[in-house]
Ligand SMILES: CC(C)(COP(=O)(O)OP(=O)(O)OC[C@H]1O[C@@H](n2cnc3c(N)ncnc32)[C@H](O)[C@@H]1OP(=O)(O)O)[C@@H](O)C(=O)NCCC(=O)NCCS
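Given next, in structure tokens, is a single chain: the form predicted alone.
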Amino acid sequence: MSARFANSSRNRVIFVILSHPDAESALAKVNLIVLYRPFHNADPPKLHQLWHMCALGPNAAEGFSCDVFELFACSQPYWDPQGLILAVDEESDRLAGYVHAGFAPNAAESGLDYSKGTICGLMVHPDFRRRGIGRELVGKAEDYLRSCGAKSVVAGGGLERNAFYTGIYGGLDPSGFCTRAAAWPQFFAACGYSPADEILILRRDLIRTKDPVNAKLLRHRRHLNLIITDRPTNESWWWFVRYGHLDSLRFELHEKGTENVVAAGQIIGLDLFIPKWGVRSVGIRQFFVPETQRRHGYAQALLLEICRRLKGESVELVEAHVMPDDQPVLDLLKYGNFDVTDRLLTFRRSL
């Protein structure tokens, strides 16, 4: 730990309690000295325990091991221990909270864009809340991002922009903060942030819903072949560092005879959410139809075929994340009997 970090990272938080029968003992409980420091190699078990103590809401996986936490939080090639900042109660050495800062990818998704900072994760232990620790952690994260060249910061990352926790938070993607877990809009407003993107979570229960009936889709089955492969095709570096640890399959509809691809999509396994959700689930993403093949219902045919195949493999829930202004994808999913079940929010601030 650098001298600069050590000398400037202790805060004493004292709350005075008046007219309390046990004022002395109560004051001892809230007399708190907090040390803010970067990640140490011995910290993962504490971070893993804090994750499960914080009640992060329905979109956070639970019941996984510490090794899994390290894999999804600390194993990326751009991992920087200085970007994960812990708040520790000096007297008890208890972990009071932590914040994890990172960066968005560049336009080609071949590396990081250090001008675009993100707050990838933030949590405070229930015993230490309402003492200013969360705001202090956000400030420390901003200092780190600014020192690396960031000009702005987005808390929550956004759709496919969060550098960490893919596979254990958010479901398909850690696209933002879940408002059912905490009052994030009020908190980040107090930290000087403005609302940014809203990401819709759409889900389909494969057991309780039926496919729509469409004669055109039945005709498509006669002249199309479905090809399924577990080999990623033309994926970016950003895809591999985020989804590479998870099971994935690519589905393609090919024209019989020509073998031209008329529609493609990808599914990502969400097995780490089984203990929390109680069902086998997958995420669906990257729907693509070549421009010359659009308006023929090929995307609808592919979506329904994917759902049919997944149901046959005992998958019960399918999830997708969509921006509210992506009307074509929203229309496609609503046709496939997907419903909006939740929203993830992000917040922006200029540095």
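Residue numbers run from 1 along the displayed sequence. Computed from a predicted structure; not experimentally measured.
Just so it is clear, the following notes concern the form predicted in complex with the named molecule, a form of the same protein that is not shown.
So in the model of the complex, does residue 84 come within 4.5 Å of the named molecule, heavy atom to heavy atom? No, residue 84 sits far enough from the named molecule in the model of the complex that none of its heavy atoms falls within 4.5 Å.
Does the named molecule come within 4.5 Å of any heavy atom of residue 229 in the model of the complex? Contact check for residue 229: no, nothing within 4.5 Å of the named molecule in the model of the complex.
Does any part of residue 54 reach within 4.5 Å of the named molecule in the model of the complex? Heavy atoms only, please. Yes, residue 54 lies within 4.5 Å of the named molecule in the model of the complex.
Residue-level contact is defined here as any heavy atom of the residue lying within 4.5 Å of the named molecule in the model of the complex; does residue 184 satisfy this criterion? Answer yes; at least one heavy atom of residue 184 falls within 4.5 Å of the named molecule in the model of the complex.
If we take heavy atoms and a 4.5 Å cut-off, which stretch out of 240-248, 115-123, 263-271, 206-214 is in contact with the named molecule in the model of the complex? So the stretch in question is 115-123.
Taking 4.5 Å between heavy atoms as the contact cutoff, choose which of 254, 94, 276, 135 touches the named molecule in the model of the complex. Contact residue from the list: 135.
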